[in-house]
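Quick setup: one chain, the form predicted alone, written in structure tokens, and binding and motion questions come after.
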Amino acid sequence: MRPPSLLSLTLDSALLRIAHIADLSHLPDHLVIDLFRRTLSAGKLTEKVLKLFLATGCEEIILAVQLLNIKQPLVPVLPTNSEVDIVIAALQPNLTTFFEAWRPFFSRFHIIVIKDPDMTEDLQIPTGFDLKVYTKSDINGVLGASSINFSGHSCRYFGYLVSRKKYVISIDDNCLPAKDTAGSTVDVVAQHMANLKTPATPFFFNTLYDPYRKGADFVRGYPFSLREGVECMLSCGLWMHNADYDPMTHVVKRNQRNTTYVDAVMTVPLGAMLPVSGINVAFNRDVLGPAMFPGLRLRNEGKHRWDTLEDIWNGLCAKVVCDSLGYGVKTGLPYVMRSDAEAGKALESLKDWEGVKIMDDVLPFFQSLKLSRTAVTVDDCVKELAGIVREKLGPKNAIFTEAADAMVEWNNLWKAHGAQNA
């Protein structure tokens, strides 16, 4: 047996110290490639070490990383004020406490405040924010004679329409910043942007949840061909304290509060439906905007979340669109702290709440729904979906026909007012 060469011994020594080497760019490509192969064989290719090899610019290593579908390290990019709008639906006149609590996180972004058209009181908003308030007259001035009802929680959709930023984050006005398990205040903007700017993995569930979060990765058995993921279009945050229950659950569990902070983000699997809550949500407006609409409106819709299904319906439609076009949806972090000032009022909504029966019809419909291959844009998907809703659900309840009409009108409104070139 021939003894190892000095070069081979040197590379073996480098392999032992690979995690502590700061730069390989001075080495010839053939040595970098040899060391890379040894690192792979030894199971020492950590995120830090991969960055070290990629920094050499060696084309053969870059090609190998692509061919092997090795997950490349993602550098978190802090959101800028040029790409994010914060949209707030104002359903109460005094927003002083709300804005002061969110000042550390919202003050450097443009904020769109939509005043509930049914509210007559003047809004109270502290100074020091870059914001624009839209009122009933502004809505009527932009849209004219629209059949879509933008009152209550549905007024936030007008903010989606007039925004011109790539991303939109929307938080209910009865929510304050939450604390994580370490006692630190949660930066909702940063976490939503991390969710949207890192890939989603809808085609195969990763049991360590979001593999792109720090400290996580793909588990053994996860196909390498799927590790690049897909673009995430919708980030669904959660809430502490007053949970988002329907009226019946609120009445039965009127004193129960959510105190469990689960430090996790996950991609919702392909084909799985979920109740998207408008309380704490963010999305890629440039792509998904035409699918973020106020479609379904209950006959006795009120001003409380449990009086509505507009966000649930919108979320189901958006999920079907994302599934059809190969996009991802995430849920989990970030959390907000939701006020319980209205928690005791659910009983007044219980008798007339029609959401239970509606969801019994809606869920099987969305679970079996497949859009055609000819629907290749979000706009195409929304138009096709509206037609299917009218045909399949319309005969069961007129509320679905009205929802289909609203979806078509929103599609037209987006082309006229929501698109970047509108």
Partner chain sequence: MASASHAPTPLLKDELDIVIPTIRNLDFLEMWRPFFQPYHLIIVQDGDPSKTIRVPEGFDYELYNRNDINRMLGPKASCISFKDSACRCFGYMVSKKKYIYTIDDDCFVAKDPSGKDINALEQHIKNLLSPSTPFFFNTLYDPYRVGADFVRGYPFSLREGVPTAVSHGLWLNIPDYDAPTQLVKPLERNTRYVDAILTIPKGTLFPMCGMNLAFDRELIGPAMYFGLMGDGQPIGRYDDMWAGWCTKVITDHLGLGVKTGLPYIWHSKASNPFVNLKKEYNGIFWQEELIPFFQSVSLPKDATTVQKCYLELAKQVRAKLGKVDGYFNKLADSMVTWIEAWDELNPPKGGAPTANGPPKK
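Positions refer to the first chain, counted from 1. In this text the structure is predicted, and so the values were computed from the model without any measurement.
The form predicted together with its partner chain exists for this protein as well; it is not shown, and the discussion that follows is about that form.
The candidate spot formed by R213, V252 and R257 is fully in contact with its partner chain in the predicted complex: every one of the three has a heavy atom within 4.5 Å. Proximity to its partner chain in the predicted complex, taken as a non-hydrogen atom within 4.5 angstroms, holds for one residue of S277, N174, S324, S154, which is S277. Of the candidates M337, V162, L95, A243, A243 is the one whose heavy atoms come within 4.5 Å of its partner chain in the predicted complex; the others do not. Taking the partner from the other structure, its partner chain in the predicted complex has no heavy atom within 4.5 Å of any heavy atom of T377. Though the partner is left out of this view, P117 does not reach within 4.5 Å of its partner chain in the predicted complex, counting heavy atoms only. At the 4.5 Å threshold, heavy atoms of F105 stay clear of its partner chain in the predicted complex, well away from it. Using a 4.5 angstroms threshold between heavy atoms, M359 counts as touching its partner chain in the predicted complex. Only one of 204-212, 81-89, 163-171, 119-127 lies within 4.5 Å of its partner chain in the predicted complex by heavy atoms, and it is 204-212. Applying a 4.5 Å heavy atom cutoff to its partner chain in the predicted complex picks out P223, F224, S225, R227, L238, W239 from 223-239, in order along the sequence.
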